[in-house]
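Shown next as structure tokens: one chain only, the form predicted alone.
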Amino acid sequence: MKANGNEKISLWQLFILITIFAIGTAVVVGTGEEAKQDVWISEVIAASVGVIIVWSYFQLISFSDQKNLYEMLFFAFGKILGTFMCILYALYFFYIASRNIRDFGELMNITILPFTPMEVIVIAMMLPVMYTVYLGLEVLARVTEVISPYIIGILIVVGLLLFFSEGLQFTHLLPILGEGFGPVFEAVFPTLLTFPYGEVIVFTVIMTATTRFSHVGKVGGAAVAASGLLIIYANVIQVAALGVDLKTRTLFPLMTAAREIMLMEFIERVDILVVFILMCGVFIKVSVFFYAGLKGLEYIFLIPINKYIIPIGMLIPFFAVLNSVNIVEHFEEGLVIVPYLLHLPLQFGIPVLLFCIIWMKKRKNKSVSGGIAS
């Protein structure tokens, strides 16, 4: 199962997918509060480790003879345990998709749709996701190519508008390392490491669908580095515009910073552009997670993913609403609990275990074949 039928994406499309996937919600949602004004240093460290992470995923796939995640689980753990592990990862991808949908719903409730029920917002977002996944991976990659210039362009423009409207106070970034490296590393592990860079594990389902797999490692590393630079840029904007205290208290600091823009008494209230960034970012992230989860069900039950799109697609908004009672609980669950219970084991623990098991199996097979040959 190296691709869905004849579906193939180019290396450029993979680069854009990973880049937009990584910055999708990370540039809008406030993270790394432990590092305070040094959050950008934490992001530099996290992005550097993120490059190593995506390269490691590529090496794992290469070492397993270009098997994707689900094929590796079956090969390493056998049919029974492998089936359980595949279902676990599929559910994990669906769960993270529901959390991202909830992020979008909360932002819309706070900004432009305060009287609209959360259920309506998340279902409205899920419908285009379902349709895009139904059309296939190639269409998802092309859609990402189309909207990526707008996401990156708007992010850069927001920073420039803040600068020209004198809304940036770079003294807020001082003192650098005023409390040492302790808070910086506390912000990196596990929050910034698992979100968004560890989430790139979802691309172990997609990497084998590229046209030139041998270059995937370099392309993935470059994509993570590019997304890291954009996230660092967004964090510098947030701290410089709001200061540490206000950035820590607000749930969507980039949107709050955008509200500070007032240029020539004409350009103001551009926070709707931040809503657009999150909307497009959530659309791409949820589509990728949804597609990867469906591919797991397809691999296990040997039924095409199109058969699962409607039932699973309707369950994701349902659980997005049920995940938490309010926005405070939602963010606490996502930034405090989930990294330890789900992200660390599934993003790092099991892949390391997979490598060890596959290495032992390949070594055993090599020794057996060598013994027979002799």
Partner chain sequence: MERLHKSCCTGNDKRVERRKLEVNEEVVTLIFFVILVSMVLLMAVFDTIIYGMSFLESIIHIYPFELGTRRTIVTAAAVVGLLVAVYIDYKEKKNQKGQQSVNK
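Residue numbers count along the first chain shown, from 1. Predicted model only: the values in this text are computed from it and were never measured.
This next part talks about the form predicted in complex with its partner chain, which is not shown.
Here the chain stands alone, but in the predicted complex its contact with its partner chain, taken as any heavy atom within 4.5 Å, falls in 337-345 among 22-30, 337-345, 55-63, 35-43. At a distance of at most 4.5 angstroms from its partner chain in the predicted complex, none of the three residues L14, G221 and A223 contributes a non-hydrogen atom. At the 4.5 Å threshold, heavy atoms of E119 reach its partner chain in the predicted complex. At a distance threshold of 4.5 angstroms between non-hydrogen atoms, P304 is in contact with its partner chain in the predicted complex. Taking the partner from elsewhere, V321 is found to have a heavy atom lying within 4.5 Å of its partner chain in the predicted complex. Taking non-hydrogen atoms only, P311 approaches its partner chain to within 4.5 angstroms in the predicted complex. With the partner removed from view, the residue among L155, V133, M72, A187 that has a non-hydrogen atom within 4.5 Å of its partner chain in the predicted complex turns out to be V133. Of the residues given (A234, L107, L297, V282), L297 alone sits with a heavy atom within 4.5 Å of its partner chain in the predicted complex. Along 92-111, these residues reach a heavy atom to within 4.5 Å of its partner chain in the predicted complex: F94, Y95.
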